[in-house]
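Here you get one chain, nothing else, as structure tokens; it is the form predicted on its own.
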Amino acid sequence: MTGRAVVIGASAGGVQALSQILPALPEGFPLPVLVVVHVPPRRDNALVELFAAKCRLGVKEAEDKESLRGGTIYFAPANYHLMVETDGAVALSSEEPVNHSRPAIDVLFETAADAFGPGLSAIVLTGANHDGAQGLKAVAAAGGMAIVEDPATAEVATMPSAALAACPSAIPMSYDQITTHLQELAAS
């Protein structure tokens, strides 16, 4: 598939990190934004309601087989892996956890890298495990933009540090730099 998208992965401290980034996206942002946050496997996902109240873009829980639309933020449902198929549709999976997580950041990033290649921007935010490291490496290998939250300012530096170790070409950025990058994407 051709096209562009943004994928974001976060764990411990992720709600605060996303609260700095997602509300800054301008109305009319042209790309779909797919987000995996490690959440407990219960049925109700409060993230959609929380961010719908803060953001200028549409916010929803991803649904199996739906086509991605620009200007929409898609959150992975609790207890499902969020994947992107090569035709740009969303797929949900209840396969085994990856890095002790379902949804797993690596699963989203790897499938999105296959679907979007150089049109993908991937961002690993704060977290306490190594999820996202291999996925970010796959994004860079596919020609996409690999970004990590600066480990020096992350609430929990383990995840961005692991991503940098696995993908040395990744660019560490502050929240303000990430926001600026995303706004530049919207304008290009």
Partner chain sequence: MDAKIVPDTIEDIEIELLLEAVYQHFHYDFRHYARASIKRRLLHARSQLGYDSISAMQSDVLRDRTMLPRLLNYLTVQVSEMFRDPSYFRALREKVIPHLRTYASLKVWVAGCSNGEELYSLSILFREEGLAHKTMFYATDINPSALKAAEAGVYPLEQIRLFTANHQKSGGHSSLSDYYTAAYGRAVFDKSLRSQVVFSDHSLVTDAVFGEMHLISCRNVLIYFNRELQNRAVGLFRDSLARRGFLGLGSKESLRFSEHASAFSEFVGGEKIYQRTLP
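Positions refer to the first chain, counted from 1. If you're wondering where the values come from, they're calculated on a predicted model, not measured in any experiment.
Same protein, other form: the form predicted in complex with its partner chain, not shown, and the subject of what follows.
Remark: Gly117 counts among the residues lining its partner chain in the predicted complex, judged by a heavy atom distance of 4.5 Å or less. Using a 4.5 angstroms limit between non-hydrogen atoms, Asp64 touches its partner chain in the predicted complex. Its partner chain in the predicted complex is not approached by Ile73, whose heavy atoms all lie more than 4.5 angstroms from it.
When its partner chain is considered in the predicted complex, Ser101 lies well away from it, no heavy atom lying within 4.5 Å.
Contact annotation for 49-88: residues with any non-hydrogen atom within 4.5 angstroms of its partner chain in the predicted complex are Glu61, Glu63, Asp64, Lys65, Glu66, Ser67, Pro77, Tyr80, Met83, Val84, Glu85, Thr86, Asp87, listed in sequence order.
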